[in-house]
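Single chain ahead, written as structure tokens, the form predicted on its own.
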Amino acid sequence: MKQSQLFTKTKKESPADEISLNAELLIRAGFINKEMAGVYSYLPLGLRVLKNIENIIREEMNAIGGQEIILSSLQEKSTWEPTNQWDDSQVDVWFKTKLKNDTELGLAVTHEAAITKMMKGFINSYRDLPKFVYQFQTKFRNEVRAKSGIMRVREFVMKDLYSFCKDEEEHNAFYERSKEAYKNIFKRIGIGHLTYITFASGGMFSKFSHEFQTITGAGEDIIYVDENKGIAVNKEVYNDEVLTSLGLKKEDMVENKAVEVGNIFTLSTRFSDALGLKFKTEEGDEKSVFMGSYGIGPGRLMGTVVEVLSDSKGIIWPENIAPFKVHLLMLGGDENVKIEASKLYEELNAKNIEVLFDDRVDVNAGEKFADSDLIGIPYRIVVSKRSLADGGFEIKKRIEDTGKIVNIDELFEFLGIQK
């Protein structure tokens, strides 16, 4: 990608109506565009990050047996009435609408009931189980407040996986595998060191559900962390009885603000009972399918990364999710600089290195450096008269203050490229 052809532009000033760091930086750097409160569009740079996050999640879900689908956002009233979730007193974040024939519909807030209804056509026997089905799909929630940038919005993509098992034992085995998959996701994305599996209320179905909470001052949750054991307890269930049951001591717990970046729930047979999802056992009996639900919001993850990994200059993207690996800056209008920068751009592309090439000729060096820091690509390469006179190209990591001059072979070695 050549930056001269990128339709988005960086901004020097923060948006006046944003109070969250993630929204301020992502808008200034040209990753997202605010449409209205709680609604954002993803621009080319932002979409590349979002898709990189989704691909990591997809790989981990596939690795534990997930099969990807996409369900409809439009939901029938009748689908949600059996679980009382159409009732606004039970679920108060529906966006509801009507067809021209007055049939009432809702824009999906989640998909437990919808996928249970669908799976009635595919699960009949114990031989059909277990099944693990997931999607990346747009959800709509009529939140009263949406003030945390892309971490709390009214329209967002969610990865939601649903497990369908013969019994609780089979469910528990998958539930534990999903925990490990989630840990892998947060580690690969770059926030594993700040993210704790957190015990939270299990509601009517189990003693606990499990959240994955990332420590940040921008978080809306309070958790108590045992840093030695690497686990946490949500404030909602934080009491002596819970600590004792988990083998934790109050004196070892540290209070932190955090943002929930993922969750896993045991649903038991609530939805299968209500919607009639049953199967024939090997003995010929009929049983309700035992279910679980597993959610992650890629956009919320993206916002969380910005909150915890930025600095005073801008965003610092981990390499696995960055929009590009290299930001190549061409400084000055010297013809030889243009030739060498363009040549390097082509060589990096030939090596399958994703490069954003700042080939703009009407922008000075200071602005280019500031834009590069703001955008936050992991490696910056500078081609200038000075670098060429000194023997090659200046390269530095985004997290470092200074770079070094290298020749083309050293550059490839620095980037981990085979010659």
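Each residue number is its position in the shown sequence, starting from 1. Remember, it's a predicted structure, so these values are computed and weren't measured experimentally.
What comes next is about the form predicted together with adenosine-5'-triphosphate (ATP), which does not appear here.
Though only this chain appears here, would residue 156 touch adenosine-5'-triphosphate (ATP) in the predicted bound form if you measure heavy atom gaps against 4.5 Å?
Flag for residue 156 set to yes.
Does residue 263 reach adenosine-5'-triphosphate (ATP) in the predicted bound form if we count a contact as any heavy atom within 4.5 Å?
Answer yes; at least one heavy atom of residue 263 falls within 4.5 Å of adenosine-5'-triphosphate (ATP) in the predicted bound form.
Using 4.5 Å between non-hydrogen atoms, is residue 328 touching adenosine-5'-triphosphate (ATP) in the predicted bound form?
Looking in the predicted bound form, residue contacts with adenosine-5'-triphosphate (ATP) do not include residue 328, since no heavy atom lies within 4.5 Å.
Answer for residue 152 alone: is it within 4.5 Å of adenosine-5'-triphosphate (ATP) in the predicted bound form, judged on heavy atom distances?
Yes, residue 152 is a contact residue.
Could you tell me which stretch in 224-232, 188-196, 254-262, 171-179 has residues with non-hydrogen atoms within 4.5 Å of adenosine-5'-triphosphate (ATP) in the predicted bound form?
Of the stretches listed, the one contacting the partner is 254-262.
Identify which of 297, 219, 323, 292 has a heavy atom within 4.5 Å of adenosine-5'-triphosphate (ATP) in the predicted bound form; exactly one of them does.
Comparing distances to adenosine-5'-triphosphate (ATP) in the predicted bound form, the residue within 4.5 Å is 297.
Which residue among 143, 347, 128, 334 has a heavy atom within 4.5 angstroms of adenosine-5'-triphosphate (ATP) in the predicted bound form?
Only one option qualifies, and that one is 143.
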